[in-house]
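There is one chain below, alone, in structure tokens, taken in the form predicted on its own.
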């Protein structure tokens, strides 16, 4: 178990280093000039001075060496467009995106599990067909379109919830619903399929034959067995969720990590982009490492292969 965790941590560090190098080089190969974006009317001499201040006047290898040295001291760089350290910008945006993601995950998991299990229990009935139809609908609708429709109905017409900015938890409800719908649809369809497969397995039939109550066999045997493929699905959907944050936060004017990434890319704010990409890749790697550990806990075969817990 310890060897597995150590190996996954080392693999994650290698991936983060690779992503950092690729992001650093690719940003500087884009045919644009951040200094020109920041000061469009400046002279060439002024632009050269600005590049030196921004740390982008040296050759790429020299810039990378300086960047790595700063990282080892815990300094992620300075955002000249936001007039603040990168760590400060991230610290302000991270809590708001964390709230958004937390709400979206709770909504998706609760309704995905509830509706997926209900559809599996009532397979090939009108209930199953209705839930499956809704899941296809939720997955097919573009999130930016859903966001605009919800703003128009919930915020403009009914005036129930605010639609833009952030001044409290209520501002996170609408964007979190928009984020949650596609993930909910995917969870419903996959939980339904996995549960139906588990229900038909011999060990579930044997549990029923021994007189174990239907709900007990459903939860202890069918549901737990279906959690193993769900972990992989959940990990991939988190990556999709992070990507959708950019679009959803833009539609709602929500000042989170997604909005910061979009603005930083448009402005060619190199150090802020690098810091945000490193943050998101680290989060994704940590989640996948937790999922690997979850496999060991849920599947006795993997636990045995790893030498037990």
Partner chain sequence: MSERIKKVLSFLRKNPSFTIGLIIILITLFIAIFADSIVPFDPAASSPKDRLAPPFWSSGAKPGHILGTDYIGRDLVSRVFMGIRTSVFISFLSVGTAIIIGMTVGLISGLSHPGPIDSILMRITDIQMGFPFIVLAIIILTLVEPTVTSCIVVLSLASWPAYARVLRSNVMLEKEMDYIAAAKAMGASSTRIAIKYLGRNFLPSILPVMPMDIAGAIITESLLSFMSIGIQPPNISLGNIMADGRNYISTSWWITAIPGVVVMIIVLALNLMGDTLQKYFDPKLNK
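Just so we're clear, the structure is a prediction, and the values are computed from it rather than from any experiment. Numbering follows the first chain given and starts at 1.
Another form, the form predicted together with the partner chain, is not on view; read the next lines as being about it.
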query: Option from 85-93, 114-122, 132-140, 173-181 whose residues, in the predicted bound form, bring a heavy atom within 4.5 Å of the partner chain; finding: 132-140
query: Exercise: residue 145 in contact with the partner chain in the predicted bound form, heavy atom 4.5 Å; finding: yes
query: Touches the partner chain in the predicted bound form: residue 30 (any heavy atom, 4.5 Å); finding: yes
query: Touches the partner chain in the predicted bound form: residue 281 (any heavy atom, 4.5 Å); finding: yes
query: Contact label in the predicted bound form: residue 64 to the partner chain, heavy atom within 4.5 Å; finding: no
query: Residues of stretch 7-32 in contact with the partner chain in the predicted bound form (4.5 Å, non-hydrogen atom); finding: 11, 14, 15, 18, 19, 22, 23, 26, 27, 29, 30, 31
